[in-house]
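Look below for two forms of one protein chain, each set out as structure tokens: first structure 1, then structure 2.
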Structure 1
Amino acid sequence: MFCEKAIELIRELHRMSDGQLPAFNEDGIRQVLEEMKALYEQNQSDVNEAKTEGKSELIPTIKFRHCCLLRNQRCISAYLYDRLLRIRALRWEYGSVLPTNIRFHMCAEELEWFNQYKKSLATYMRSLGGEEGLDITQDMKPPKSLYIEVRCLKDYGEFEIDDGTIILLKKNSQHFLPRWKCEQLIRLGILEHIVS
């Protein structure tokens, strides 16, 4: 039956329901496009034959192939769209720099899309809140205090805060830092917010 490869692509994404991005299945897409090309060409020739020789009994077959063509198109579109939704989520969870292992899972066009999305988001954020703009990726939860106690979960290295002091973030060290500097690192699992 047709469209089996296309549904494989969908299953691949459905398996990762938490929003992780699997590697871009270039091979899978190529196979679906090949099947579409074959179906399309067969339909073209049958349509010509039906028109010129009046073979109207070919019409159900033409409809059959057309259904499969639309189905393949739907599967590929949904595959690409869902991946974009996942990539968009990456900007909000990881920030603007993606780890290399995730970047390897994206195709060139998706990387380009990510860069454009970053730019759009940055432009939008600059346009808010007067002159300096507003970072809306911060303060996802209403803040209760300016400074917070954090513990370092893994070695991160040197970290500079606003007044110029450099802090060494070594595993298990505890610090009292401004909330806005830590939020990103907490989200990435490098620091842990301690509440007394």
Structure 2
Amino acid sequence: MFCEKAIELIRELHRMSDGQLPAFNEDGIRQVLEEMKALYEQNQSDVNEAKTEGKSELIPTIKFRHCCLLRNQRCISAYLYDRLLRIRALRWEYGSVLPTNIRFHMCAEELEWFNQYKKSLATYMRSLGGEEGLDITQDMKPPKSLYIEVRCLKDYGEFEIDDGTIILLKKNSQHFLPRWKCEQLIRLGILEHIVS
């Protein structure tokens, strides 16, 4: 049936929750594009036949195929746009380095888009707040206090805070650190916020 493969692409995205990125369905995209090519070629031959032989009974079929082409185009555009929105959200959640399991689900063009977005965001953040710039990816939620207690989940090594103090982050060690310095490490799973 017409447009079924395109609608299946959209359903595939809806089955995944908002923070997840399903594997890029290259085969599904290819099948939809092949269907679109076949519909276009059928329409071209029918349009030529309708013009040369004056067959007006072909016009409803031509219009139907054209509507299917437009629907497939909208579905593919929605699929790709939704994936880009999810990838952009992952940049804010995980930072500039995505976990391997997420990168595995992206196609080469999406990886290229992610890298360009990452560079654009970094350039923008450097232009804010004077010489050092301003990291707008920190404090995604307003903090209740400037310092938090954290537990180290993995051996990380030395970690320097603003006043020059170097802290050794070893597995199961606990520290009282500035929230904005350790928020990225919490998102990466290196630190865990201890809520008392």
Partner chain sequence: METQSYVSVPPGVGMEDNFFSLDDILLSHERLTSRTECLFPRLGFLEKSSDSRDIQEGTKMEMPLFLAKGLYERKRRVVSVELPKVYREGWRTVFNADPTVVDLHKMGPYYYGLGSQMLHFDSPENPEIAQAILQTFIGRFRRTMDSSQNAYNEDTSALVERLDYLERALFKAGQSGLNSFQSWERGCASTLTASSLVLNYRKRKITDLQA
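Whichever C-alpha set is largest while still superposing within 1.5 Å between the two forms counts as the rigid core. By convention here, residues take numbers in order along the sequence of structure 1, the first being 1. The structure presented is a predicted model; accordingly, all values stated were derived computationally and were not measured.
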The form predicted on its own: 1 or 2?
2
Would you tell me if residue 51 moves between structures 1 and 2 by 2 Å or more at its C-alpha, with the rigid core held superposed?
no
Threshold 2 Å Cα movement between structures 1 and 2 for residue 178, core superposed:
yes
Checking residue 188 here: with the core superposed, does its CA move 2 Å or more between structures 1 and 2?
yes
Once you lay the two forms on top of each other by their rigid core, how far has the C-alpha of residue 152 moved between structures 1 and 2, in Å?
2.8
